[in-house]
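What follows is a single chain, given as structure tokens, in the form predicted alone.
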């Protein structure tokens, strides 16, 4: 489904070059629950950004469904994201001037595939209920706690029924009970709809749901036994 071959990415931090990825080769198959473990700064988020078409590598190749996307324009990458990919960002990335319902609805408004208003409302209402935000549908992000905003971000990532979801620290702002509920929701989508999930996390509880486990350290990826 997604494959990376000898992918490298370097950033400038002031005048210092930081090698975020050092020749990473990585494959994600349809229906997997992949967990990337590693400390902050190890390259996990960079790997998610490249595999999820948010950025392009300095060198190496990336394929999605057999299509090489490494050299695609940012506009063409945006089209792939819209049609295939969902994101759960650690920083939430919610739109501050619209409410919970509208934030969740937003991916459906920009998606090329049109759905009926009835189907749209059903999807959004079901997800709001699934993440436990029924009483907060009309609240704006600044009226919510960090954990509530994280739940909005999770619902937004799922509303367009993406084939693959990239999740950067999805349980970081959640209490243990809510985190468990959310992970069980994602695991259910994985089992019933074959949605593929890739988690970048410090949270060892996520590894219980993983079908593949990888360790990131200093921009180098290695596979671990579960």
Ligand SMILES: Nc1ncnc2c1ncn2[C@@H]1O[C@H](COP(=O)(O)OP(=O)(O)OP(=O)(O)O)[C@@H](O)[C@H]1O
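Numbering follows the first chain given and starts at 1. Please read these numbers as outputs of a predicted model, since none were measured by experiment.
Here the subject shifts to the form predicted together with the named molecule, a form of this protein not shown in this document.
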The named molecule in the predicted complex: within 4.5 Å of a heavy atom of each of 12, 18 and 90? yes
Even though the partner isn't displayed, in the predicted complex is residue 192 close enough to the named molecule, meaning a heavy atom within 4.5 Å? no
Any of the heavy atoms of residue 43 lying within 4.5 Å of the named molecule in the predicted complex? yes
Does residue 169 reach the named molecule in the predicted complex, with heavy atoms at most 4.5 Å apart? yes
Using 4.5 Å between non-hydrogen atoms, is residue 202 touching the named molecule in the predicted complex? yes
Within 4.5 Å of the named molecule in the predicted complex by heavy atoms, the stretch out of 24 to 32, 45 to 53, 60 to 68, 183 to 191 is 45 to 53
